[in-house]
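This document starts with one chain, in the form predicted alone, laid out as structure tokens.
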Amino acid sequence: METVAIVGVGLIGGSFALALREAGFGGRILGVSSERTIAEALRHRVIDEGLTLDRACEQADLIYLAGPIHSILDTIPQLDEYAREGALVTDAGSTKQKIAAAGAKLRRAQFLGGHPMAGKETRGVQAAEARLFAGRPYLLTPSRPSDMETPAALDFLAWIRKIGAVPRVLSPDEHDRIVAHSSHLPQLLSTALSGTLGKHPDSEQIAAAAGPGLVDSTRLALSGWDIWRDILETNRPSILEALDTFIAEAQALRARYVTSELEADFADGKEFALRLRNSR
């Protein structure tokens, strides 16, 4: 791999570029974004050059799509015209079934879906950091097992490990079902909690009296709607299933709270919380 084109040089795309450099990548990194973002990326030495989509993709061995989901879906069909024969196209989108279906139609390039489970509330290339992926799962979503066995895919997998991420392979539908519970549900719960307290008549006093627990619980509520709109639109069935599961459990917990103690609920919650932390 000698040339990488990053389409969408924001937090994730910029962090991937910086991570590659820190891991020893000595090739060229091209950026495709708005003029303002390209100027910022060049100023922070995230990329070597900013180009249009066609000029970047015709040179790239790896095309890394790091924009919002609908932007990724709009870009993929264009790559049959621009991508080099045999190039690897991957993405960092938070839902995978629609993206994988679009990628499977590519003829000139191979597609391998991906989703780094990393991020921050702050966005933009100025927030990019080389260690963003270190120790974090990097989900790969091949449409077929053989998609993981090509030389280009194996090379990409090696770089994922070099940047310190932990690769895990799921089918696109498995990904969307699992991530609806591990990522999308927590976002909606944090948003709902923050919104509920914000509408409370005593919201000012609640905020003034809150400790770090509430700050931690509402961290995800800082996330922007412009990113989450695409996620919620493209994973609706799995997210509704996750919400229904949580609502049923919350109602059952409320009923148990009225009639009995919640010691078993605390034990169950602690058990998973420990398992979650031990898996990092």
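Note that the structure is a prediction, hence the values are computed from the model and not measured. One rule holds for the numbers: they count along the sequence shown, beginning at 1.
Unshown form predicted together with a further copy of the same chain; subsequent notes refer to it.
*Of these, 146 to 154, 162 to 170, 98 to 106, 81 to 89, which stretch puts a heavy atom within 4.5 angstroms of a further copy of the same chain in the predicted complex?*
Flagged stretch: 162 to 170.
*Using a 4.5 Å heavy atom cut-off, state whether E35 contacts a further copy of the same chain in the predicted complex.*
Answer no; every heavy atom of E35 is more than 4.5 Å from a further copy of the same chain in the predicted complex.
_Considering non-hydrogen atoms and a 4.5 Å limit, does a further copy of the same chain approach E22 in the predicted complex?_
No - in the predicted complex, heavy atoms of E22 and a further copy of the same chain never come within 4.5 Å of each other.
_Whether T52 contacts a further copy of the same chain in the predicted complex should be assessed with a 4.5 Å heavy atom distance threshold; does it?_
No - in the predicted complex, heavy atoms of T52 and a further copy of the same chain never come within 4.5 Å of each other.
*T122 near a further copy of the same chain in the predicted complex, any heavy atom under 4.5 Å?*
So T122 does not count as contacting a further copy of the same chain.
*Do all of H44, Q110 and A134 end up near a further copy of the same chain in the predicted complex, with near meaning a heavy atom within 4.5 Å?*
No, the whole trio is out of contact, none within 4.5 Å by any heavy atom.
*Mind listing which residues of 43 to 78 have a heavy atom within 4.5 Å of a further copy of the same chain in the predicted complex?*
Contacts from 43 to 78: none.
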